[in-house]
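Just one chain is shown here, as structure tokens, and it is the form predicted on its own.
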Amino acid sequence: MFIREINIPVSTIKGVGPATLKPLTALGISTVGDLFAHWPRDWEDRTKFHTLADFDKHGKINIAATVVSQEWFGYGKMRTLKILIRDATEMTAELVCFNRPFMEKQFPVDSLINVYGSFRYAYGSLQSSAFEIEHKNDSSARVLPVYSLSAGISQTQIRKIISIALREYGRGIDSEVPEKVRTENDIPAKQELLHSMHAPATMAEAQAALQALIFEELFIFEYAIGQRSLERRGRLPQTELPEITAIAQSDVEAQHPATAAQHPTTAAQHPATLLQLRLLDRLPFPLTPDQKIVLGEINADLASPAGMARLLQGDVGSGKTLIAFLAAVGICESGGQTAILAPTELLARQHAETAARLLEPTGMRIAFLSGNVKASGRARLLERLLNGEIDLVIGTHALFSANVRYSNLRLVVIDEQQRFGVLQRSAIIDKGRESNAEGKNPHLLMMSATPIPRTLALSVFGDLDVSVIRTMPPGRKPVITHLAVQGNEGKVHDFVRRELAAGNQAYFVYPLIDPSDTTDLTSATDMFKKLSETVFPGTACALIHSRIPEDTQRSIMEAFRDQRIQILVATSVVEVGVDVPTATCMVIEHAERFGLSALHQLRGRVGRGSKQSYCFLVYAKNLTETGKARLRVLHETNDGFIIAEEDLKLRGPGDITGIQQSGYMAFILADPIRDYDLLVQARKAAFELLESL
């Protein structure tokens, strides 16, 4: 029997009456199985004793002491007992017994006691008001579990209830991990793990049990990922991930002289198709080594009956969009359609314009679709899409609107995938399934310029194959990043002024659109006025943010791209997809208010050409040392993967990748960030088992 199958009501356990049942229910505990699965969040090691001098070395200390004296302070209802104790080193401390007057008689002078608690200096004495106390003869050296609680139940109560439950129902419990996997990975039997978690003899036993349960949880998760991949594609995804350290094009030959040779199955056995070669011949530059490898991987997927489900990640400016276009060309050659989904109309239009310039000369028929396409043109576009007269459609959420139908949608590309929810991704995939008689899923290529840390790539995106573009296009120079404290903006403005005089352009980015009564943050609208009228008078400036109509945004960006505007004042709306090679300065004010990945994305808006570019992170004067350390990560590296790992540690996965709907947060004991090695081990074990079935 599995733990989850023990449906005996918790009320049958001795000591669980109506008063205790209520807080247990609030904790989600209604059955004995629920009770067993209410794992400790920590353990208190009372097998080791400390001295009072150790109070600042540990959160809590366990000491043997003698009661020296008692006294009372305060009056009336506020009258409180204070017990003076002394340890073996003759050091003394006071136990402040709030609401525990009974301790006067329970622990008289000269009592030998054990005290477990946290201590601090207050009012000239070492004191504790958060402690547990027992007579020495009544106290045994042990490890005690610490549980999450709700109002109405104490640690002592829940420990006793679980202890009784273990005696009555803690036998004959099966492991969720198959026997073969359990023995190969040295995982103890579930019944043993249950007792080691709730009643360990030592801290080592408790920690070993915790690691085993984390492996179990990750194994079940990865097994489900493998099953889903088999159902969708008939094969398992990668077990291991490619290395994800970004390198400059200039370092490729020195550091990776045989990059393509290391991937013969992708680089050699799946070369570019005829139409892809026609496009490559028209490019003024060659593909980077990593682009060649990824193109080979994608061509292999497109040729496979299992189909593609791949995450393509690469740093800002690494050339992912070109790879997506090449994939679309391959689909076009086989008579299929491609849809490229972008999060904003600005980015979608830029992709469409680039596609028209690169792909239409090869004979591909391209269309743009968004909610703002006029009704007259929209009807004809939808008709052509349904009739198969469009090979590649690029757009926003409109691509999966109810009235949009495809002739043979074979490839779906989702750009900046973290900006789309699970249901939105499913909606566009459903369009592809509906467009073919077999009801097969279209090939799926998800792209992210916010690099996905390895932990998330193996968990959240664990059913996808992963491709990485590390090498940057030739001629690109790393953006030089400077930190500037507020008040020194004058020096930043002087630097920008010199860049403008050299014929370059600049972005100024702010966290707010308008001023706010609740914060003193600088707003984009206020600074647009100041920059255009006072700081850079006579310079062509423009303001762009999310409340400006899409058509106006587009015309502003076109003017900026054509160098009719020298300074663009904006919010983070320019974070994604804006490509202006002559923009060399990015100034981000209140940089501490942005996540590291967002800052890296914004920084990636410059350095798109061959000129040296610069990013200035302006931060608040009162920024903490931790805050400064965060910004120094940007100062010290241009490697988006390193930055993403740091951002993941600081902010958690939901904010970085938009995965609140993904199930990632459903782990109870496991943390893929902390438990990465166990995640890899569990994934390998799960996939090996699936392959053997």
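Residue positions are given as counts along the sequence shown, with the first one as 1. Computed from a predicted structure; not experimentally measured.
The same protein also exists as the form predicted together with ligand ADP; that form is not shown, yet it is the one meant from here on.
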Query raised in the report: Heavy atom to heavy atom, is residue 390 within 4.5 Å of ligand ADP in the model of the complex?
Result: no
Report task. Answer for residue 286 alone: is it within 4.5 Å of ligand ADP in the model of the complex, judged on heavy atom distances? Result -> yes
Query raised in the report: residue 575: heavy atom within 4.5 Å of ligand ADP in the model of the complex?
Result: no
Query raised in the report: Can any non-hydrogen atom of residue 222 be found within 4.5 angstroms of ligand ADP in the model of the complex?
Result: no
Requested in this report: Answer with one of 320, 349, 590, 545: the residue that has a non-hydrogen atom within 4.5 Å of ligand ADP in the model of the complex.
Outcome: 320
Report summary line: The listed residue (190, 608, 182, 470) that reaches within 4.5 Å of ligand ADP in the model of the complex by any heavy atom is 608
Requested in this report: Within 4.5 Å of ligand ADP in the model of the complex, counting heavy atoms only, one of 67-75, 106-114, 200-208, 470-478 shows up; tell me which.
Outcome: 470-478
